[in-house]
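Below: one protein chain in two forms, given as structure tokens, structure 1 then structure 2.
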Structure 1
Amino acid sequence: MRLEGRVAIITGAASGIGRASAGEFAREGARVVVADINLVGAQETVKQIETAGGVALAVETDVSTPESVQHLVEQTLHSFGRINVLFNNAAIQVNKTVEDTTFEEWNREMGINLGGVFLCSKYSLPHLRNTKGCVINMASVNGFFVEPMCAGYCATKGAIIALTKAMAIDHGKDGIRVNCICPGYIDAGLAWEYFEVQSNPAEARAAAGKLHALGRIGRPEEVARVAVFLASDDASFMTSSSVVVGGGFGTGLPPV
């Protein structure tokens, strides 16, 4: 087991890629803290892990609020004594142009997607220094290749790629590795919401597959297994990397 004895906080783990990651981390021997604003979903993730013989804890967390993130860190230390891995996965996606996005929507998206990475990292880093742990940030191929109707979301993902490099530079001397993952379309919550706001959701879903060289969208587990790799000693010389798990998204021109 590649993560035996490690303690991992995974934000946004009540569903989608976060839930799949929590399952994969636990299967590899990690004790997993399932941090999400959706406590019922987080508890279901924990139940699934425990049923499979793993160890996990649900902590209701709003990653955009300092007090909530401090509580998450305290609960993790109280229950498991240390932090080895922080996987900043929680995000929302406002499917609008800049012109149509309200100031409140903009600030909320920035506060959760980018602010959440900042806050969870800020309060975990002192403890990651003790364990020579690592941070994994969830970016997106949208940090490189943008799409219509999600301007703020693309901005946060581009910023997370830059923030990953900045954190890697600042904390490498402490033995802390910081990498980010850039998935293509994955069969999970934020992609589903994006399909729903298109004029024909079923068509949009089929078209999304064609944007990838592999001709399909990805599965949450296909991202989760890369996160396990980045958290493990197999990635011991990897930091500052933006790992694309994109099925070839952006490799060529979209179909006409």
Structure 2
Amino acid sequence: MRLEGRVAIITGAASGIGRASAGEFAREGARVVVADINLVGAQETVKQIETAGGVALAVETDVSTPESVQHLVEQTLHSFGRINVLFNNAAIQVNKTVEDTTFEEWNREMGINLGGVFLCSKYSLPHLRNTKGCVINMASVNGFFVEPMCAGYCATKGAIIALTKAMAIDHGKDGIRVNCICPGYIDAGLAWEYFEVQSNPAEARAAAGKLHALGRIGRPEEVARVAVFLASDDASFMTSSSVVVGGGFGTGLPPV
């Protein structure tokens, strides 16, 4: 098992890619802290992990609030004694142009998507320094290729790619690796919510699939396995990397 004996915090792990990642991390031997503002969902993730024989802890967390993130770190240390991996996965998406986005929506999106990476990293880094651990940030192909009606989301994901590189440079001397994952359309979480509100979800998924060279959208476990790799010693010489798990997003056909 590639993560045996390690402790991993995964934010936004009550559903979607976060839940899939928590399961994969646990299967690889990690003790997983499932952090999410949705405590019921986080507890369900923990239940799934424990049923499969793994070890996990649910902690209700608002990643945009310093006190909540400090509590997350304290609970992790109290329960497991250390932090080896921080996976900053929590995010929201406001499907609007800049003009139509309210001030409150903009601040909330920035506070969760980008501020969450900042706060969770800030309070975890002293402990990651002790374990020579690693940080994985969830970016997106939208950090490279923007799409209509998600200006704020694209802005946060582009910023996360840059922040990942800055953190890698600043903390490489401490033996801390920092990488980010840039998924394409994944049938989970934010994308799933988008598809399900369309008049024909199946057609919407098929249209999105045509944006990818592989002709389909991805599955959450396909991203989760890359996160496991980045957290493991198999990626011991990787830092500052933006790993695209996008099925060739941007090289497929335009939707019809």
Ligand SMILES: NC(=O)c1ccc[n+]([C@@H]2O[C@H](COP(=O)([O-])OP(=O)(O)OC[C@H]3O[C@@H](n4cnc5c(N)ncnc54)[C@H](O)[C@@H]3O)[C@@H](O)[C@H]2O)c1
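Residue positions are counted from 1 along structure 1's sequence. By rigid core we mean the largest C-alpha set that fits within 1.5 Å across both forms. Everything quoted here is computed from the prediction, not taken from an experiment.
One of the two isolated chains is the form predicted alone, namely structure 2. Residue 202 shows a C-alpha shift of 2 Å or greater between structure 1 and structure 2 [criterion: core-superposed Cα displacement of 2 Å].
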